[in-house]
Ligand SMILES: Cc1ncc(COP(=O)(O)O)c(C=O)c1O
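There is one chain below, alone, in structure tokens, taken in the form predicted on its own.
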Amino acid sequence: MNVESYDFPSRRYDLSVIGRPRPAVDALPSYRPGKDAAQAEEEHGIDDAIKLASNETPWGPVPSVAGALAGAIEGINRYADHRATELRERLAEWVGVEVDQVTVGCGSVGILQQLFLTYVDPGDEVIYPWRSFEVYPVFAKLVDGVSVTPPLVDNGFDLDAVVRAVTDRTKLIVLANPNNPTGTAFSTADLRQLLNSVPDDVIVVLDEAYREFMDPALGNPVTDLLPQFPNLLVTRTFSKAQGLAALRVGYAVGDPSVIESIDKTLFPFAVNAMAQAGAIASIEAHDEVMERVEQIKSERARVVSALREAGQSIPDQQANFVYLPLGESTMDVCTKLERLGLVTRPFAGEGLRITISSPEENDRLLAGLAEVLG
């Protein structure tokens, strides 16, 4: 038998590839997380790098949440409640809906994957403006869906273009608000116009991973829109404002029939016991969490103001990061910042996304940008 291939009984198998992945999976790009500080230190021979690439909070969970996590260790030998019943009940009470309007998942990104698995058949269309969150095209390709990507206008969404892109093959519209990576946002009034213009059988997904950092004047889609639009689903996470990124717990709010459908694709015990305990404790500590959010928003305003005074064109920012639309100089600026120990997230040929951190780290960032950008 040839070591490179064999026939059985009439098929020819290539032994250089183990197994036979689905073509859609074989063609998938790997998700690329933000570079960590240790990797940058190794690449550039430095020892004081800080990570500003993944939009994490600079602090761990508040003390009461840390205590709840410590207490959850005692039951770690047992499987968690698959449905996270208590967490769903607390979430429903917290956001002001019925419990059958809430689901939970392995981060909001886990729920997004469930949505693609639930609604998108091969050849179905998924609309999302681009550039936006990098998992959207990955999930679309995973299910052999067709991505339809209206371009951004001035770093924000053209919702009219999104409406014009809808066809009878459209299954999902996915809108990150605020948008990742540009940090821009739209109001519930803008979203209402879109919802009034799309068919009821198209699910509109509002991905609000950075919800807590938005200006409240932009509105709350759960209270403002969900009662009138059963095809709207809002996803949120405990990874950002609550500082539980490593625990992977998110939630979605929508019509009970939509929740019931996507719950069918929730893999067993997706939200572990510590994640459930941490999320419940974070709800109880909401006021303390929001004090930290206000610190981040204050620092964001300071950083944006300093950059604009230095001549940079910064769009209106509504998340816990800032976006510099640097165009073709993006990768050069990113590399120079890394050599100074400032690890950011580049989008080649487009712009640089930089996490807002502690005042001390933000001071270092501004000094580094002043040096690199001149």
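Computed from a predicted structure; not experimentally measured. When you see a residue number, it is the position in the sequence shown, counting from 1.
Omitted here: the form predicted together with the ligand. The next part is about that form.
Proximity of V109 to the ligand in the predicted bound form falls within the 4.5 Å heavy atom cutoff. Contact check for T237: a non-hydrogen atom falls within 4.5 Å of the ligand in the predicted bound form.
In the predicted bound form, the ligand sits beyond 4.5 Å of every heavy atom of F116. Although the partner is absent from this view, N180 contacts the ligand in the predicted bound form, with a non-hydrogen atom inside 4.5 angstroms. Screening 68-76, 277-285, 221-229, 201-209 for residues having heavy atoms within 4.5 Å of the ligand in the predicted bound form returns a single hit, 201-209. Shown without its partner, this chain lists R90, R300, R248, R131 as candidates; in the predicted bound form, only R248 has a non-hydrogen atom within 4.5 angstroms of the ligand. Note on contacts: among A176, I262, V253, A140, the single residue with a heavy atom within 4.5 Å of the ligand in the predicted bound form is A176. Along 295-310, a non-hydrogen atom within 4.5 Å of the ligand in the predicted bound form is carried by no residue at all.
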